[in-house]
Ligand SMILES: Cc1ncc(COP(=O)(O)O)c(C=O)c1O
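Here we start with a single chain on its own, the form predicted on its own, put down as structure tokens.
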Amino acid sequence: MAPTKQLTLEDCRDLDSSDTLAAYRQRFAFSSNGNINFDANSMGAMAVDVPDRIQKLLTDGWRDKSRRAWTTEGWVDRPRELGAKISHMIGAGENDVVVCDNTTLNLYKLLSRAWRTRAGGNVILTEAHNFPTDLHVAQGLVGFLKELDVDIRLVAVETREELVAMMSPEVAILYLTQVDYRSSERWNLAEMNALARSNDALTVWDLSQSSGALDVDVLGADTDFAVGCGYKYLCGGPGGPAYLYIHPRHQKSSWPTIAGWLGHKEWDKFSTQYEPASDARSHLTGTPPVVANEIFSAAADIWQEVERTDVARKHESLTETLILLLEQECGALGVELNSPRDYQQRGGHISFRHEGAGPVSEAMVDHGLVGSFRYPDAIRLGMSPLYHSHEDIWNAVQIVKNVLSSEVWREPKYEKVSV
């Protein structure tokens, strides 16, 4: 239904005046060129104190304390501490989450762990258009196990309706990304976990496009395993570590796929016989990335202060405003919503279609707005509840409108499109 009145800049400012999270904006650094970065779904903003933290790590830690900094500076404990600080943002207990490695490695750890602890079945069920790394991990695991004559199948379906219809006792693992990286369509975590449970299947979720924006509650939704990216909405820095979650009922049921030094029950005793830690720490492997963890710590200290329900409430307001303004200001210029209109079916970003999506996304950058393009015709705008405002949305949509109405995107220099 069309809005009863046109939204204005003043309407956006009125919404910002009652924003309970507004003060967190000053805790983040913004582009020196003045660009509005609406790519929180791809690269979250830098916490403002990151440079000072890194300088201190290099001088007080590495230079002055050398190896002793592993304990005096807490470097070795950081994966567990980071997991505890962000755990509430996905509705998990402090001992159920660790920050480590990257999304791909963590997917492999947990998918293989789920396979070993499944109740039955021989099918890993997923979507054919899942994010490539999620599919590649499953394809690699299946290929490896088939070489060992294990009866295992990967079934990747085209539609969500087909996936629901495929659920049966043959399914060992339901393996999904909560939010589609292109359209931002969202799965209902609790409903799909219940469907899997009714068929004795386990669930492995990728929360990369949802944690830090949505009200994710893995424990309340009875999720078995989950992973997520650290450098998107969670602002862990480029190439920053990911995280993994294990439901408490699975934490002692099996050894980790990769048994490493820091996953040992008593890692500091240097035992040559492996004994897994009793919680999610068993999935830690080797030496943690100290510098990357320090960057993530700057953001985790902020996340520790906020309530995820407040984050989700503002995120809903931001995305609703963006949809209304895109349709109001740019609908006549060829913009079509690509994301679900219902917030409960929508994820962290807003995706819209346009015939010139790739060149349009490039032209937007030159005119002050950073988003992201996904083949063939989608432009994604991802907003963070911690550092974006409704006024930012107004200004961003005016940039989109200007790029489209002037047709500057048709210039040859915008033909080459970045990912």
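Heads up: residue numbers just count along the shown sequence, starting at 1. Just so you know, these numbers come straight off a predicted model, no measurement behind them.
What comes next is about the form predicted in complex with the named molecule, which does not appear here.
- Interface residue remark: residue 283 is not counted as part of the site for the named molecule in the model of the complex, having no heavy atom within 4.5 Å.
- Contact annotation for residue 224: none of its heavy atoms lies within 4.5 Å of the named molecule in the model of the complex.
- Although the partner is absent from this view, residue 229 contacts the named molecule in the model of the complex, with a non-hydrogen atom inside 4.5 angstroms.
- Interface membership of residue 181, defined by any non-hydrogen atom within 4.5 Å of the named molecule in the model of the complex, is confirmed.
- Look at 333-341, 76-84, 317-325, 173-181: in the model of the complex, residues with non-hydrogen atoms within 4.5 angstroms of the named molecule sit in 173-181.
- A single residue from the set 126, 193, 103, 297 has any heavy atom within 4.5 angstroms of the named molecule in the model of the complex; that residue is 103.
- Heavy atoms closer than or equal to 4.5 Å to the named molecule in the model of the complex belong, across 106-135, to the residues 131, 133, 134, ordered by sequence position.
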